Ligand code: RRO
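Here you get one chain, nothing else, as structure tokens; it is the form predicted on its own.
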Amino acid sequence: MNKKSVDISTKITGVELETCIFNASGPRDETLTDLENLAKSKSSAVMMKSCTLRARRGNPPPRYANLEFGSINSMGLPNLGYRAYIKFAKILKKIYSKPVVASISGMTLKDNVVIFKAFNDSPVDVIEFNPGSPNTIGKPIVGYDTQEMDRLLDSVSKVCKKPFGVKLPAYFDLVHFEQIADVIKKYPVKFVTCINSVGNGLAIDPYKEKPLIKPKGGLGGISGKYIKFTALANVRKFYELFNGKIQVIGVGGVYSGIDAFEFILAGASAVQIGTAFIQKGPKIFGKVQNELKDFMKQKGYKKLSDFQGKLKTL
């Protein structure tokens, strides 16, 4: 079996992706230049920056730091405002053939409704709703408040005409998985993305006796290899709870094809790359895709469905 006979294509909400690997919202996707670079890369979709109603500068620097096995950040949602990303989507769809995914992260329920309505008339293929980033000062992580999540999904699902999914924070308690899954099942949510960065870690420079980032006294979202095992658990649990009716996208600590394989084995339909994209650049997409094909070839798998969700129990 040669690599060409191994098929790693997938569909998210019925939208075809050439491979199951694309970028996570956040890193290197804020400007049109960033997005065109993604369109020219091996990323199988162009995921845009989480956008708010108005442009935001974000938190004061330093707000990002690389760590031994990942990163810490408290960016504060810097973005150009939703109108810019509607404009960018039109340009991207005109020039490139890749699916374009919008990421919406309004600061209030009203903001989210306005932005979702505006994207109805845009050419984006899919929307990822990011309700409550862990790195926005003064804003709680909505995913930990089932009543607020219910209220938000009720409002946006009434106005959204595009297929959409929800980016979720990390859950650690089994009952919380069940509670949030019950809320999500009430609405036309097509997928969940697991997981956002794990909020409020602290990285310290012992020589300077200071934190590595400035916002929130040094507290920030932990990403990269540190969170891979938590991300895998979240993918697995939601895959089981949704029973094939809602797709799961995995993200957190993907640096290799075997990392991607593990996410798909746990139940993911696609895999996003965030921190590794910051650290390794756009070549990471092709690297992970090729390594995934190689590993599937070793295992005798020809397509993702041969092993997706088929994690064996001990």
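All residue numbers refer to positions in the sequence shown, first residue = 1. Fair warning: this is a prediction, and the values are worked out from it, not measured in the lab.
What comes next is about the form predicted together with the ligand, which is not displayed.
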* Asked: Using a 4.5 Å heavy atom cut-off, are S74, S133 and S197 all in contact with the ligand in the predicted complex?
  -> yes
* Looking at the partner-bound form in the predicted complex, is S50 within 4.5 Å of the ligand by any heavy atom? -> yes
* May I ask you to check whether P78 falls inside a 4.5 Å heavy atom distance of the ligand in the predicted complex? => yes
* **Which of 280-288, 66-74, 255-263, 31-39 sits within 4.5 Å of the ligand in the predicted complex, heavy atom basis** => 66-74
